[in-house]
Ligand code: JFZ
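Only one chain is included here, represented as structure tokens and corresponding to the form predicted alone.
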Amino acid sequence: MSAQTPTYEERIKWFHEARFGIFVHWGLYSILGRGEWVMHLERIPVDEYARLARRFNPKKFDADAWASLAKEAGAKYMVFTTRHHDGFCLFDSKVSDFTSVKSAAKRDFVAEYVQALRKAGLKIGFYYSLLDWRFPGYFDQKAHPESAKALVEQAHAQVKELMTNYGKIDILWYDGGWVPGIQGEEVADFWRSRELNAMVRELQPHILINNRSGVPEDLDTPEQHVTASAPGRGWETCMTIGDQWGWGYIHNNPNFKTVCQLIQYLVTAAAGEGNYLLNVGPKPDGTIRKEEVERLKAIGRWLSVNGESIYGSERCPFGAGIVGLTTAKGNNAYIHVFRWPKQGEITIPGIKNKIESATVLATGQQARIETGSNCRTFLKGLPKRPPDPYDTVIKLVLDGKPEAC
């Protein structure tokens, strides 16, 4: 490693500070309003699906509005689907005619997205699907070897375009790495992933790369569940606001998660030193529906009060018992009370430290601290109803870094 090449710790520092990002799934499939897998699941022929590009001309697309909403939500970065499994590029690709630049819209939406995020001071993530359903060689490499080869060559060329044409990119978020009939190490061999990622790092030395090209790289990506990786390993849960089929726009999706659920998922990720990448699926015209906007703004209001317990969070060696979870940062521990006790007294088990103060972030109220037997701490004098309807955070200032007993 050269002196100029940043270490893993240097590259991932901002990511650990961020903790919250916005995922965006948007493309041709948004027109149909049945999710991003509609072409494959409904067996829409390639030629029929391609005709959607004549209708994809989103007059209300406003990347600045997306970036503004992300900032209001308290997110520190975004990840945008530059191309999904259908092969339609939202950028100007020289190796494909199936792009937003060469069809009705005549726009490079990736360029507009990048410009808006830079203006807003947000970190920039690119989602790129390796697979492309339009290539028969993807489904049967033996029957269509030349098609399979062309598919891989297209992926390498387009990733190079993305890493070359838009300035500094902070995250490369691969997807679609799985290949029918291929398992294990052969997946990386099929995509020539080590060669591909070496090229990416040459072009973008500071970039973080996820684990979906057949090799581990920098980040683990649990999907629709919050599962922490081993200490020291970067990880990020991606999750829909709606149900599991709701990445791309679904016209009628009644299963939206509540604000309370979303905040508690965010806290759970932060408690495990991981990030929460929460997805929105904009409508065909480029606007984000009110149900998603309202939830993101509510998360932002909560973070504006309690963000110090999330941004840059560390694992806390002691828990919060039945009431919720804990995060830590420096000499501070944060008790996230999901289930407020009716008597207004909270029992925290296993704190070895002396607690210098205990403050409710939502109100500034100081709790009375008492120490009991069996390594228990009692926070008393609290109200009988939770000060925050989603997660009341109590900040503990300790006499040193948190220790458990």
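Note that the structure is predicted; figures quoted are calculated from it, not measured. Throughout, we count residues from 1 along the sequence that is shown.
Heads up, the form predicted together with the named molecule isn't pictured, but that's what we're talking about next.
In summary, the region of this chain contacting the named molecule in the predicted complex, judged by heavy atoms within 4.5 Å and restricted to 288-296, 114-122, 175-183, 328-336, corresponds to 175-183. Screening 189, 223, 140, 72 for any heavy atom within 4.5 Å of the named molecule in the predicted complex leaves a single hit, 223. With a 4.5 Å cutoff on heavy atoms, residue 25 counts as touching the named molecule in the predicted complex. Taking the partner from elsewhere, residue 134 is found to have every heavy atom lying beyond 4.5 Å of the named molecule in the predicted complex.
The closest non-hydrogen atom of residue 37 lies within 4.5 Å of the named molecule in the predicted complex. At the 4.5 Å threshold, heavy atoms of residue 88 stay clear of the named molecule in the predicted complex, well away from it.
Residues of 357-386 include none with a non-hydrogen atom no more than 4.5 angstroms from the named molecule in the predicted complex.
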